[in-house]
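Quick setup: one chain, the form predicted alone, written in structure tokens, and binding and motion questions come after.
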């Protein structure tokens, strides 16, 4: 793909905050025609820069248990583990990180029992070397982009 220019970055900035913005409105904001904007969005999608559009759902139930699972893999990357994690709706975010750990998995589950079950499923995957669980007691600061 060609290098992103200022218009592409403008499109990405707007879509990251307003994924459902009408194309006509997006075009007006960045100063291009609707067809030119449509072509740019299609190119960004085709190249994989835009991987999808999704709803950013806040915590709907205050009775959920939130936790971080710190995962060390036998070797990286491990697409099998990522595929397994993607199957569970309780998994909210997975981040690959540098350092001694390989993944931070953020989960929200209805109970400690479900957390233990999910943790056991992940820990027994052949690519997982070690898993540590950190339960969130409260969120002191939470910012939404």
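So that the term is clear: the rigid core is the largest set of C-alpha atoms that superpose within 1.5 Å between two forms. Only a predicted model underlies this, so the values are computations on that prediction, with no experimental measurement involved. Numbering follows the first chain given and starts at 1.
Keep in mind that the form predicted in complex with the DNA is missing from the display, and what follows is about it.
Asks: Heavy atoms within 4.5 Å of the DNA in the model of the complex: which stretch in 99 to 107, 81 to 89, 27 to 35, 66 to 74 meets that?
Replies: Selected stretch: 27 to 35.
Asks: Looking at the partner-bound form in the model of the complex, is residue 13 within 4.5 Å of the DNA by any heavy atom?
Replies: Contact check for residue 13: no, nothing within 4.5 Å of the DNA in the model of the complex.
Asks: Closest heavy atom of residue 136 to the DNA in the model of the complex, within 4.5 Å or not?
Replies: Taking the distances in the model of the complex, the answer for residue 136 is no, it never comes within 4.5 Å of the DNA.
Asks: Since only the chain is shown here, I'm wondering whether residue 39 would be in contact with the DNA in the model of the complex (any heavy atom pair within 4.5 Å).
Replies: Because a heavy atom of residue 39 falls inside 4.5 Å of the DNA in the model of the complex, the answer is yes.
Asks: Is residue 121 one of the residues lying within 4.5 Å of the DNA in the model of the complex, judged by heavy atom distances?
Replies: No, no contact at 4.5 Å.
Asks: Would you say whether residue 15 is displaced between this form and the one not shown, judging by a C-alpha shift of 2 Å or more on the superposed rigid core?
Replies: The answer is yes, as the C-alpha of residue 15 shifts between this form and the one not shown by 2 Å or more after core alignment.
Asks: Does residue 38 shift between this form and the one not shown by 2 angstroms or more at the C-alpha, the core having been superposed?
Replies: The answer is yes, as the C-alpha of residue 38 shifts between this form and the one not shown by 2 Å or more after core alignment.
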